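Next come structure tokens for two forms of one protein chain, structure 1 first, structure 2 second.
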Structure 1
Amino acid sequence: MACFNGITASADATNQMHSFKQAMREVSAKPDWLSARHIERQRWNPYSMEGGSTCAISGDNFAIVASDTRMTANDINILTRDAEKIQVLNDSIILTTSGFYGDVLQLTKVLQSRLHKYRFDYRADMSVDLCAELLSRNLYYRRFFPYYTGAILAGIDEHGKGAVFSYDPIGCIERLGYSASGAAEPMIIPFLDCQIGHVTLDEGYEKPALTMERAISLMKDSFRGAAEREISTGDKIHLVIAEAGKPIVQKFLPLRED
């Protein structure tokens, strides 16, 4: 009887080992992370892209910021035709952002609260250079779960010169003469490279000066050209003009609505 029990126990152990090896082979052939359940889980995304485009140009004593007012879902569903993507933070600082609109609103609120605290502590408005560094740090603080935005900060610096600061989502900052972000950036930047940067102009030719009137005209042309080719850019152009020693001016210009 004892011998029979030993044989049974040995057979059970052999069967268990066989089952274990079979399960290991099945897991190796079809790992759990390739199953439909896990693939469906990986498709969830905390961000969404609501389209739209922004642009900024700086000159000797001015800065011009523009954006469209369309907000879309999946590039074809128009959520609103009056989305605000430009915020005038004070008399010399303008913020424009594109991307995930929830992060656009949150980033704007964070920056406004920091500027309000600075104004309360120092009884003066923050300069555009200080605000540019402040925005860079706030973006970097969220580098592990970043704001899904393309931010551009523009305004008039302490010397009365126009300034444009461009950012990536984690706070890398660069001061440029012009910048763009959003869905139409690949179309706007080459146009401005040609018209303002003169990257395609031979050295022997005279480069036209960048006056405010010419900058406004270029801004209009860039958005009108983008609206003809990019589906999530349209409805209206929100144009904000900051000039040294003068109040900020805001305009709305028509853009194609289809």
Structure 2
Amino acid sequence: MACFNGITASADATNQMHSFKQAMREVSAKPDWLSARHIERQRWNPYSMEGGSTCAISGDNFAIVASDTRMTANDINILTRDAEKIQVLNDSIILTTSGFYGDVLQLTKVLQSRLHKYRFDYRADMSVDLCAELLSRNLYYRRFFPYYTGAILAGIDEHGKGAVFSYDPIGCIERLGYSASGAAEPMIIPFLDCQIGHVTLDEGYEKPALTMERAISLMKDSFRGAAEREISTGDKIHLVIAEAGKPIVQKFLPLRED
């Protein structure tokens, strides 16, 4: 009988100890003094936005890509006036990105090394369609800690046609005629919708063909317009022109510096 009581007592003690430890864990995880303000203050945002805008237009045998070269902190403080936001990955692929610049650097590094490995394995440059799929998967791989970048991949595809692929930060991919991303996206897109997509033009009206000259001047216009109204866009336009069968051309054009 005494023996039986002993077992019960020790079982009780174990249970008590267990619930005590449980309570201890709970209170140390969420002590009374830890107010919402404390929690908010301890939370650290791993992202920062460096502003700027990018844009790409594709045509029958060309693709042009542009970005501004301003990098800002908190939208008001200019860190540098000649940041690189366009990367020419190979003779037919151009990557342009906006958003968090740390992720932009990492994403570029990842893509460059994957392209390098592809060259090593297959002894040929990757085509833009393949690279587009690769980029989408790389972005989706970080689905739960996304690369905070609005990426646009442009270039000349296997048939010699211009291609523009637009992404959201988690790898949703779409092939479009033209695309923009970054701070001035809401200003550039409607302009291009009107001028290239002709969404406001009624049936039966003549729609001007998209030549390269027209695309380039539209590109300049959209950045000049954006620089007037959007504070984190400015300084210089970095313009990259890819035409089928020709080497890629890069240009820098001045923009507002205020």
Partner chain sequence: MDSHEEVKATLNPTCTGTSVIALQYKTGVVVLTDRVVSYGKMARYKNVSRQYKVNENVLVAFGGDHADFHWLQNVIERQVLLWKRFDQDIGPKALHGYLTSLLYGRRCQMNPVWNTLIVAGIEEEEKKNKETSTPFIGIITQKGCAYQVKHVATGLGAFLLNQAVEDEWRKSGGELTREQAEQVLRKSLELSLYHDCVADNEFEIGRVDSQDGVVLGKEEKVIGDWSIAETNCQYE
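For clarity, a rigid core is taken as the largest C-alpha set superposing within 1.5 Å between two forms. Please note that residue numbering is based on structure 1, beginning with 1 at the start of its sequence. Quantities reported herein were computed from a predicted structural model and do not represent experimental measurements.
Enquirer: Please identify the form predicted together with its partner chain: structure 1 or structure 2?
Expert: Structure 2, which is the form predicted together with its partner chain, differs in this respect from structure 1.
Enquirer: Core-aligned, does Q250 move its Cα 2 Å or more between structures 1 and 2?
Expert: The answer is no, as the C-alpha of Q250 shifts between structures 1 and 2 by less than 2 Å after core alignment.
Enquirer: On a rigid core superposition, how far has the CA of M17 moved between structures 1 and 2, in Å, if you could check?
Expert: Core-aligned C-alpha shift comes out at 20.0 Å.
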